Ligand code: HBI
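Form predicted on its own, single chain, as structure tokens, below.
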């Protein structure tokens, strides 16, 4: 494939490095590195305050968007005054002819609406399943006109849309050299993610309270009242909030855990932290729901539990000694390297370019 000039437009819900963008921040960084390693050129446009190492970055001021997952199915399309989303796409329109493809990371109405009005091909990496009727309708309009333009992270995510057959399953990839294998964990479990209701942290806390094992929690507290309710409802649970950590510090702390608990109450599009855990040799106990159910190999790299079953989580915790941590690391290396993802990205982007030029 001939080298491409690519413009990435980041999520408008937070600066890269803030943690507000959730897994999208890490995904964007890894995709940029995987494509640059294959001799493609990447420039990233992101909200002001973003931090990236060794990747060209254009910072755009403006007010952040609210997250889509915090709204109901009938939510209206909204933009704040001086919207960073609008400002980023205004910049993209001005420079579009300098690039072969614009890659959109925002799960928001505006970039999809703008797609047919750009001369440059636009590829959309959709980071969530179906959430609102207005977004679904706009996605379907884009697919009807540009059938190769949508990629997702998992088959489970694609299943939430009516146009699932048109979704390219990109999965994800990681720079596994950043993750150190730890064969000797300490006596605690881990939970990592945005602290918000759809992530289901209270289920993990309920399970460790029953199992009698400490839980360390990492991530941005997005919903303070939700976090306070967990602390109030589970006073006997041995939990420790450890803040939000960048990748290098997180992988070291995560590697010391006996297992990672993943307890989403929604369809998790992928579950980056599951791969990060496996790369450190940490087994994953997850609900059989969404992307994590396609990552965890039941009985080999962790345990899959029926959704919303606290007793299932407790039973899985009791079986952790049956999982070989070296096998977890090997699985991450075979399935989720940056090189493997780079090859998948090239296939998808080539289809986007060819379709737009035909």
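Residue numbers count along the first chain shown, from 1. Computed from a predicted structure; not experimentally measured.
One more form of this protein exists, namely the form predicted in complex with the named molecule; it is left out here, but the text below deals with it.
Participant: Under a 4.5 angstroms heavy atom criterion, identify the one residue in 315, 51, 38, 66 near the named molecule in the model of the complex.
Facilitator: The residue in contact is 66.
Participant: Scan 127, 115, 148, 83 and let me know which has any heavy atom within 4.5 Å of the named molecule in the model of the complex.
Facilitator: By the 4.5 Å heavy-atom cutoff, the listed residue in contact is 127.
Participant: Which one, 285-293, 302-310, 23-31, 52-60, holds residues whose non-hydrogen atoms are within 4.5 Å of the named molecule in the model of the complex?
Facilitator: That would be stretch 23-31.
Participant: At 4.5 Å between heavy atoms, is residue 203 in contact with the named molecule in the model of the complex?
Facilitator: Close contact is absent here: in the model of the complex, residue 203 is far from the named molecule, nothing within 4.5 Å, heavy atoms only.
Participant: Going by a heavy atom distance of 4.5 Å, is residue 108 a contact of the named molecule in the model of the complex?
Facilitator: Yes, residue 108 sits close enough to the named molecule in the model of the complex that at least one of its heavy atoms falls within 4.5 Å.
Participant: Does residue 216 make contact with the named molecule in the model of the complex, using a 4.5 Å heavy atom cut-off?
Facilitator: Residue-level check for residue 216: no, no contact with the named molecule.
Participant: Is residue 16 close enough to touch the named molecule in the model of the complex, meaning at least one heavy atom pair within 4.5 Å?
Facilitator: The answer is no: residue 16 has no heavy atom within 4.5 Å of the named molecule.
Participant: Are there residues in 175-196 with a heavy atom within 4.5 Å of the named molecule in the model of the complex, and which are they, in order?
Facilitator: Residue within 4.5 Å: 194, and no other.
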